[in-house]
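Before any questions on binding or motion, here is one chain by itself as structure tokens, the form predicted alone.
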Amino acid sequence: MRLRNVPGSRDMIAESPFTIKDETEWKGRWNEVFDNDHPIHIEIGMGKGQFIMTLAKEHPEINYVGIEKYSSVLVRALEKQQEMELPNIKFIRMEAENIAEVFAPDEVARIYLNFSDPWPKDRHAKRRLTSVQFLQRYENILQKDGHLIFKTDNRDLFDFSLEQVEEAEHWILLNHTFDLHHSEYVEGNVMTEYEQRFVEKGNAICRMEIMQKAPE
């Protein structure tokens, strides 16, 4: 998918009170950002923010951080936030590879990955957000009882992701489905912009939920 450039998007992000600048300075201090000790849930690759902002509106008792690397996409979420002014959500423009530099160990209670870039070429497998390499990064920030939830319409990426969980040393698969909207896990499901589009086309949505193994 080719992203349309939005003129001035980087300036809008830099000036917005809803974005976190110098995000590494807040590592281990996110309770100060939100001025409370509520659990922190993050979405990596949040797109225009429909999913995470819906959750933030429905769950004021949870703090949310939306992470997106494309400025032209992130500004759409900022436009929504200017209208909604949700107090329990912040945004970061950054690359996912640096996630462990932003959050301290056990600082994140849940991670969402929705319709991530499949990086279809084999040589780019390490860049997939569900690769063993990324799972190791998540281990550095996710609470031991914290969950990671992944959704995609890309069956090849989903099969790869299931294999990666098996290969990963410290993760277990809690549940999964190859057709979310015809499964028990659809209850309470919040759809992303992509998900709405795919479901309307009749595409099956895959979903898995994983967590770290309890220490022996």
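Predicted, not measured: the structure shown is a model, and the values here were computed from it. Throughout, we count residues from 1 along the sequence that is shown.
Omitted here: the form predicted together with a small molecule. The next part is about that form.
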Note to self: Please identify the residue among 125, 109, 100, 94 with any heavy atom within 4.5 Å of the small molecule in the predicted bound form.
What the structure shows: 94
Check: Which pick from 34, 160, 70, 178 sits with a heavy atom within 4.5 Å of the small molecule in the predicted bound form?
Finding: 70
Margin query: I need the one stretch from 21-29, 8-16, 204-212, 191-199 whose residues put non-hydrogen atoms within 4.5 angstroms of the small molecule in the predicted bound form.
Written below: 191-199
Check: Is there a non-hydrogen atom of residue 117 within 4.5 angstroms of a non-hydrogen atom of the small molecule in the predicted bound form?
Finding: yes
Check: So in the predicted bound form, does residue 43 come within 4.5 Å of the small molecule, heavy atom to heavy atom?
Finding: yes
Note to self: My question is simply whether residue 129 lines the interface with the small molecule in the predicted bound form - judged by any non-hydrogen atom within 4.5 Å.
What the structure shows: yes
